[in-house]
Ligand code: NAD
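We begin with a single chain expressed as structure tokens, specifically the form predicted alone.
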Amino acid sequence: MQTNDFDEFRERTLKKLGIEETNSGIFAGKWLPRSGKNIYTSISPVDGKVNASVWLADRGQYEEAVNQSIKAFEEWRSIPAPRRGEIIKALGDVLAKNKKDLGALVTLEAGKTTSEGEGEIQEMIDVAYFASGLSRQLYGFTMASERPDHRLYEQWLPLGPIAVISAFNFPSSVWSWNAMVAAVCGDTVVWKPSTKASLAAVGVMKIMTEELERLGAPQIFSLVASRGSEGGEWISNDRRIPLVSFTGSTATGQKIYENVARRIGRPILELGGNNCSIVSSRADMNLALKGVAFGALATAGQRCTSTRRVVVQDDIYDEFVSRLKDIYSKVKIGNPRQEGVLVGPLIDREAVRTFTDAVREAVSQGGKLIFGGEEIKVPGLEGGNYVRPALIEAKPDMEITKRETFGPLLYLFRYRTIEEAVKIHNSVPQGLSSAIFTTDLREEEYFLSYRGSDCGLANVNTSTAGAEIGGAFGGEKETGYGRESGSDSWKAYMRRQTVTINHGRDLPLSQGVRFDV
């Protein structure tokens, strides 16, 4: 696809998904009227041109959306879980039919390559199918009672209308991690998307709500597009919403956490990542180079799990860095729709400034810039937000390496022993994803032991980026709280109830307590 064809791609994508010039961003059982002056204009990071606009919610429309979610919950929770699973399976099927178009919308609005845009929708499909199977596995334990003629067990019950506040970098899939799983648990979902990715949310909701209507199911999903932190404040302070799942920056996550905790609600927080890969002299170097490059460059370094630091053993450091620099010099940057392009644009002009400022600051703190780090212009897409990925030789005491820069900036460190490598690895306040590349069993086991990685995700001989939906996703330290998607993460969206049934004719008490009347 030629760069000058991007206008045609934009027009075709929006038309196929029924995206208008200006769209309502509020769904409360129905699309609320487009009114008022609170409008967000979506600018494509690919070429800097307008995609379309979204009307954002005011407080009254937010109330309509939450009230609708409460009403839908009263009906949805009474539907047997396996039937709920069948409905979610049907949503996965309709997503599959619209995968290419929705993936194209992600490319248009977030700047992801075609492969990554469609991969995001595939992730939604996978989560829907996973949740459908889960609907028959919402198990509780039966325990032995110490009292005669007593039965003791636990059951899991729907929690209520929950809220998901999602980020621009995964504008659809992270919502689905929460929404699909919560839905089979019997919950309804209020979705507050990133303002920067409102169009993707509108596109997904159009397809979801039409399918739910066709199935005769309750409208279990509500949409509240809003400006900046406004919707987040409404949601996090709303006692009617028992659980809030937030994905975004640590600073904003702390505010959400404080608001939710103040009302004794439940948070799930997926915040900043400052992810590190250790490359041992015993690694398969070709594999390590590919894993580090993918982790650092995929989605232009705008993944929560992007590799931001790499710690390389002294013996192979010079060779590894030389070969990594060669890979970076050959990486194609530009139109994410073009064949062979691996690095698309950053999300907006602010992201470009943050990236270039971080490069300058790293150099001022003693880092050595060995590749890239500057803004570039792509012919035919001069309005886009493109940078050349940066490689910076760094020292562990550089303050900037303790912070997350959301872009393709990779810091390189040397180490001698595995103990030193892990110390560097764990020296930051974030704790999301980690990796080690080695063929040495002892190094691998050290990294995976209590002495090793302090992150929520640990990888051996694969990248920090690219988590599968079957595993619980989330981090430690300042990265957040709780888990999403796979394993037993479903328990966060339900309330546990311990049940005791006395089917005898006496009233024995536990712990040998006597109470004779």
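These numbers come from a predicted model, not from an experiment. Don't overthink the numbering: it's just position in the shown sequence, from 1.
The protein also exists as the form predicted in complex with the ligand; that form is not presented, and the subsequent description refers to it.
Proximity to the ligand in the model of the complex, defined as a heavy atom within 4.5 Å, singles out one entry of 131, 167, 298, 422, which is 167. A single residue from the set 113, 277, 247, 280 has any heavy atom within 4.5 angstroms of the ligand in the model of the complex; that residue is 247. By the 4.5 Å heavy atom rule, the three marked residues 194, 232 and 304 all count as contacting the ligand in the model of the complex. The partner is not drawn, yet in the model of the complex one stretch among 335 to 343, 117 to 125, 269 to 277, 310 to 318 has residues with heavy atoms inside 4.5 Å of the ligand: 269 to 277. Put simply, residue 411 is far from the ligand in the model of the complex: not one heavy atom of it is within 4.5 Å.
Using a 4.5 Å cutoff between non-hydrogen atoms, residue 404 counts as a contact of the ligand in the model of the complex. When the ligand is considered in the model of the complex, residue 228 lines it closely, a heavy atom lying within 4.5 Å. In the model of the complex, the ligand sits within 4.5 Å of a heavy atom of residue 256. For the stretch 467 to 503, the set of residues having any non-hydrogen atom within 4.5 angstroms of the ligand in the model of the complex comprises 473, 479, in sequence order.
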